[in-house]
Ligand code: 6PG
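For reference, the chain that follows is the form predicted on its own, supplied as structure tokens.
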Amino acid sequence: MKEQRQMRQPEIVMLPDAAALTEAATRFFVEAVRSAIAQRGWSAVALSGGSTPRALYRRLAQPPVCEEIKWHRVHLFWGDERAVPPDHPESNYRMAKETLLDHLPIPPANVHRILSERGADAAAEQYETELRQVFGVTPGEVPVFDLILLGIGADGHTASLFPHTAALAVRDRLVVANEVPQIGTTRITFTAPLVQAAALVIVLATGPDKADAVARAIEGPKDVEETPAQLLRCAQGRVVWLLDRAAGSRLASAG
């Protein structure tokens, strides 16, 4: 069935610098998780890798912020992962573990990492199964995350949905192994339908090297193959772009 989705206007929040962006992201995170727990008793969040969320995770792990969330009611996932062991320096899981998980009273059973050491294809299949089990959804249904954290690359990719890669066309899977020839590797990633179903997506972007990609993603001519982050234009929930001045400098609204 062909998708019929109305284009959704993003919320753009321009911050003066990376420190202000981290504080804003912290408040969005805390409020989204607390709201979900209040409504249904638990919350599901998908984390991202990269340098910008690193500061967010450190902030969330610090008191008094860490005390604002009932962490035993939070389930943490990852939107994508590199095909490396969990202790590898490039592992998204390792970064989150060192900056966030090691400092929180979160049950190990609530931490759902991608088992990338099994190989990309097997890890993707296992992760989709785990997602369905945790959310209690059947094949054909798409889980709804309370919050998915994303970044954007200078090439316009988000999660590990890179330009002109096969995963961009996938509509019948939640998680896939995505071969990325331009960087010579395969990544495990959420697919577009899973990202688009979230109640809230927050995109974090800092620095001048992201400015062109941000402008193309939000305001550019539609071309998801060239700028995969444009898939957020068809999101079902809220999409909030948290940008520092440099990252948002090429938006028409910034001028």
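Each residue number is its position in the shown sequence, starting from 1. Everything numeric here is computed off the predicted structure, so don't read it as measured data.
Not pictured, yet referred to below: the form predicted together with this ligand.
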Is there a heavy atom of Ser51 lying 4.5 Å or less from a heavy atom of this ligand in the predicted complex? yes
Taking heavy atoms only, is His157 within 4.5 angstroms of this ligand in the predicted complex? yes
If we define contact as a non-hydrogen atom of the residue within 4.5 angstroms of the partner, is Asn92 a contact of this ligand in the predicted complex? yes
Evaluate Asp146 for contact with this ligand in the predicted complex, applying a 4.5 angstroms cut-off between non-hydrogen atoms, and reply yes or no. no
If contact means any heavy atom within 4.5 Å, which of 98-106, 129-137, 113-121, 79-87 contacts this ligand in the predicted complex? 79-87
If we check this ligand in the predicted complex, which of the residues in 179-196 reach within 4.5 angstroms of it by a non-hydrogen atom? Arg187
